[in-house]
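Only one chain is shown below, in structure tokens, and it's the form predicted on its own.
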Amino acid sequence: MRVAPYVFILPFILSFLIFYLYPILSTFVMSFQQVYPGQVEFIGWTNYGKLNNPEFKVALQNSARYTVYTIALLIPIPLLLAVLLNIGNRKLNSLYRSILYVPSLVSIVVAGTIMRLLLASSSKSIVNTIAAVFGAEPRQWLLGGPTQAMLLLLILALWRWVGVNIIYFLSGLQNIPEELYEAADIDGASGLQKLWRITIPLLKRTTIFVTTISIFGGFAMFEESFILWAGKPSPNNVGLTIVGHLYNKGFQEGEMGMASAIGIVLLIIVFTLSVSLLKIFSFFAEEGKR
């Protein structure tokens, strides 16, 4: 009977060892190597030294900026929408939830391709056709400058992930006792006061979770920019991210050792930020009290 629990968790342990731990350890070892077809040479910290270049710094800045912007958008907007969807007509709210969640089911390749076609430079593209109705000249929406390029990336992220974060916040709202709102109503609290004094504080754990996965998603962004600009440079290279730089080094330039070093640095950045966030909000202390 004592063996049974280990048998049940064996699939998880095996999948973790094969698909997570082994690739991380293999990548860590490869980051100290120069890899050629059929030949491997240990070169110490050379690959990490090569990271001190302008291209990597631009990629790091772009990833950090994109992560900050997405967190600034994908926390308050889904939170407010979840609060609104949690009240009112339940049948209509179920429909709105489904509509908002559907974009997350669409492949990023499909979503990016559709957006690229909508914003094509041709005067016959849908956006330029609509703009022409209002007397505007056709524009190169995808090549309009770094600010516009970042805005397009954020619109794509907002469209795709708002529904997912709404689901997280809605599940958090279900755990808030109704008695607290009833007591606030008796005390004459306004809707804004209930949101600020009850809802937001009691959604702290959900907000921490959403922020943590947003950090991971922000630094892992690659497909969006790759699809939007068809693998070509974006305006002022604003679409170049750490993962994009890793892809260029590993699969286009064949420097698998340096690509592994970039991956390890990315892992350290995301891990450090996530643990720091949990530490700042005393997440581990709350877990210990449970």
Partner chain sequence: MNRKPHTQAKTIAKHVLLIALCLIYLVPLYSLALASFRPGRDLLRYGITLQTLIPTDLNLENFKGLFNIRDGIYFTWYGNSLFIMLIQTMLALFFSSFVAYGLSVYRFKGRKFVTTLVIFLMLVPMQILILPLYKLMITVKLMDHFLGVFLPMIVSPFAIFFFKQYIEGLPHDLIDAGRVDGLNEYSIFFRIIVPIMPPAFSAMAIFMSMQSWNNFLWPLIVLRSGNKFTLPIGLNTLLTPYGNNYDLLIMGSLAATLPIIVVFIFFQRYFIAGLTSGGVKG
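If you're wondering where the values come from, they're calculated on a predicted model, not measured in any experiment. Residue numbers count along the first chain shown, from 1. For the two forms, the rigid core is made up of the largest set of C-alpha atoms that agree within 1.5 Å on superposition.
One more form of this protein exists, namely the form predicted together with its partner chain; it is left out here, but the text below deals with it.
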- Task: Examine Arg139 and determine whether its closest non-hydrogen atom to its partner chain in the model of the complex is within 4.5 angstroms.
- Result: no
- With a 4.5 Å heavy atom cut-off, would you call Gln193 a contact of its partner chain in the model of the complex? no
- Taking heavy atoms and a 4.5 Å cut-off, does Phe42 contact its partner chain in the model of the complex? no
- Message: Within 4.5 Å, heavy atoms only: does Leu158 come near its partner chain in the model of the complex?
- Response: yes
- Note on the structure: Exactly one of Thr27, Thr46, Gln34, Gln61 comes within 4.5 Å of its partner chain in the model of the complex through a heavy atom, and that residue is Thr27
- Note which of Leu92, Ala72, Ala183, Ala132 lies within 4.5 Å of its partner chain in the model of the complex, where distance is taken over heavy atoms; exactly one does. Leu92
- Verify the flagged residues Leu51, Tyr66 and Ala149 against its partner chain in the model of the complex: is each one within 4.5 Å by a non-hydrogen atom? no
- Select from 92-109 the residues with a non-hydrogen atom within 4.5 Å of its partner chain in the model of the complex and write them out in sequence order. Leu92, Asn93, Tyr96, Arg97, Ser98, Ile99, Leu100, Tyr101, Val102, Pro103, Leu105, Val106, Ser107, Ile108, Val109
- Task: Examine Pro138 after superposing the rigid core and state whether its CA is displaced by 2 Å or more between this form and the one not shown.
- Result: yes
- After fitting the core, Lys57 CA displacement of 2 Å or more between this form and the one not shown: no
- C-alpha of Gly254 off by 2 Å or more between this form and the one not shown on rigid core: no
